[in-house]
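We begin with a single chain expressed as structure tokens, specifically the form predicted on its own.
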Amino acid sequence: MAQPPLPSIRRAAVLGAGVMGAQLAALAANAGLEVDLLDLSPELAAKGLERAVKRGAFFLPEFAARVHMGSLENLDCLAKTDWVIEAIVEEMGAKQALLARLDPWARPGLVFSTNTSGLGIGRMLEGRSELLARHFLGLHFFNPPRQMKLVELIPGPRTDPQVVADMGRFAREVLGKRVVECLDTPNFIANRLGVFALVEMLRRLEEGFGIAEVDAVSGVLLGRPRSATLRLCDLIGLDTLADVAGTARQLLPESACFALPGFVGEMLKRGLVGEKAKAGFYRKGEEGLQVLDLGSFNYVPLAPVGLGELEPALRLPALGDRLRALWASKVRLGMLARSHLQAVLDYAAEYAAQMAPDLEAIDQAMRWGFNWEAGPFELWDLLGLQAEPAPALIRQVRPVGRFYPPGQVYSLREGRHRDQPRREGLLEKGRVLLEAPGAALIEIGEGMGVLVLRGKLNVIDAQTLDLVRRSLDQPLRGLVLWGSGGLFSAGADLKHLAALSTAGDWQGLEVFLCAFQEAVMALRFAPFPVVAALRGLTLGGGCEFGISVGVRVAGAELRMGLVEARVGLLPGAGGCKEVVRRCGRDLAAIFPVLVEGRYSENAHQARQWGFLAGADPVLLDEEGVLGRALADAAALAARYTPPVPASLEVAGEPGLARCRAWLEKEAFSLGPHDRVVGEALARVLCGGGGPPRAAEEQELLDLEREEFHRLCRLPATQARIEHMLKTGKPLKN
């Protein structure tokens, strides 16, 4: 059944230009909305906007032109607004006073939301009209809102269910967020449970554990980010953490759980609030990272923490295996981590019904808001439900054995398990036609294929290239290129290139390069439309796949680039040729990007560089990229005519001279081998020299392979490749 249309939201008004308000204005502007940003004065709004630009909240600085400054004293802009976002100070009285001023502006179709991180939606609306209350809800974005995916949606007691449904879809499909519905209780889900976990571990420091010890066992070992506990406190800001914990202490009956240890007050008094003050639990010293001594409040060098028998557990890829190793451990730090995790799980089970209508929402909130590998009830399932004494919820579910038995989920509203229809992804519905270790061709529907790159960083090897060739021989109506695991592809198989170079197997290298070029050209001239669905890392050979096809659909946070210069090489699978096809003789903007091996910070920058065409759609909803690409391929199939080869304009010797002049001007910042690679790039991009002219595509492909071979034979290139494979970082030589 087709979904109803999304609400028509074209203009937003953000009230409050502080850290979050200004960044929310940027988020809306990134989505294409016009935005009014209001503060106590237009000047304060402008300062907030300037901070947001400096923080990188906009995809492109020019998107800030979509934001218009104003004053909270004049709300006339609300007459043409579709969505009002309240983001003023986190204080109930101030918010209630502002809502009283907003009440006369309420009208059908105008949605009001608050970005409160934990204040009550119902209480905020006390005394407000029915019209405002029906169109008001909480939409709690996490900081920074451009990067953080979680949005907590909190209906008020009178919110129209259609407004809730519409804004949930809008947040997902237009703003690209992952939405969790919460109950209207203090701090909602993620902050309530996440801050409990932080405070619980902070209090362990009073038991004699060190800062580095706590972080060593409360990160990857427990399925949490490497920032663990105290590095995360530094990132959040100890002052912010104290405010959120303070809200919990004031409003929740289990207030003692959120009491901060005494040393936190002393740190706040000394201004040691974390990264924004360049000092918190950690700071960067002249000799490297330092850690705070909580006895003297002086910083001392950070020393490694030995985990003994737990050390191998950190390298186990499966969270369940790590947890089993932890539960079997008898070492002091293992018992600390186990005791802490059990306290967090017990808290989640005890108060789950106050936070959400079902357990899945709690698990999603912690995965999407705090980047946990698994939420608390997923962790209970991994560990088993046998712990005693156990919260009532655990005892109730224990006869079933799991919170998530196959096809079911536990409903807190109903107090029982209920059937959960399996949400099949597009690929799960398909049929595998062809398969190789690094790729598979899957048919979706009638004659639509998806060529899925898979494996570590989705690198492209010889078997994948062969599968591309065989895929194009299938009787398909259209084909979509897709990468598994949140990225498209990090490029060609660098280990294979290194092995060929080390062995001096130049014939083998030629075979691989020819196969790569032939695959890329075959995708471009395929008998049916090929659409590249791009998100995440799209580098080197992956970028060459993407730029060679006729159409692309991109996720907004796309990291795309021809980065071969980082390993002392140049694009050898048609990338240089494609740059010439896009830029012709005007190489001034793109040449430095290629020499420096840069990749885009987002899809809009990739478009500026010419890697995306003007008509290629960019979606904030990266979960929707594959579906949009399939729809576009199907639409093209009905009227598709394959392109025909065309000659390309090359800049010749005058272009070479301009490229060499840039290399000379930048000689101070470029390494010696950068200039060698730059010279090779310039030669290919300019058609090898001679007068400006029209060149055939094959001529540029031949030049690519020639220069690629020459660079591969150089010790400096081989050193760069070896260093990249060992460290994952480029070598400057």
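In case it trips you up, residue 1 is the first one in the sequence shown, and so on. Note that this is a predicted model, so its numbers are computed, not measured.
Not pictured, yet referred to below: the form predicted together with nicotinamide-adenine-dinucleotide.
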Exercise for the section: Check each of 577, 177, 140, 535 and return the one that places a heavy atom within 4.5 angstroms of nicotinamide-adenine-dinucleotide in the predicted bound form. Expected result: 140
Practice task
Could you check which residue among 637, 72, 511, 426 gets a heavy atom within 4.5 Å of nicotinamide-adenine-dinucleotide in the predicted bound form?
Solution key: 72
Handout entry: residue 14: touches nicotinamide-adenine-dinucleotide in the predicted bound form, heavy atom cutoff 4.5 angstroms
Key = no
Handout entry: 4.5 Å heavy atom contact, residue 245 to nicotinamide-adenine-dinucleotide in the predicted bound form
Key = no
Practice task
Using the partner position in the predicted bound form, report whether residue 117 sits within 4.5 Å of nicotinamide-adenine-dinucleotide, counting heavy atoms only.
Solution key: yes
Practice task
Report yes if any heavy atom of residue 712 sits within 4.5 Å of a heavy atom of nicotinamide-adenine-dinucleotide in the predicted bound form; otherwise report no.
Solution key: no
Exercise for the section: Go through 290 to 298, 339 to 347, 411 to 419, 89 to 97 and give me the stretch that gets within 4.5 Å of nicotinamide-adenine-dinucleotide in the predicted bound form, heavy atoms only. Expected result: 89 to 97
Completion exercise
Of the residues spanning 14 to 32, the ones with some heavy atom within 4.5 Å of nicotinamide-adenine-dinucleotide in the predicted bound form are 16, 17, 18, 19, 20, 21
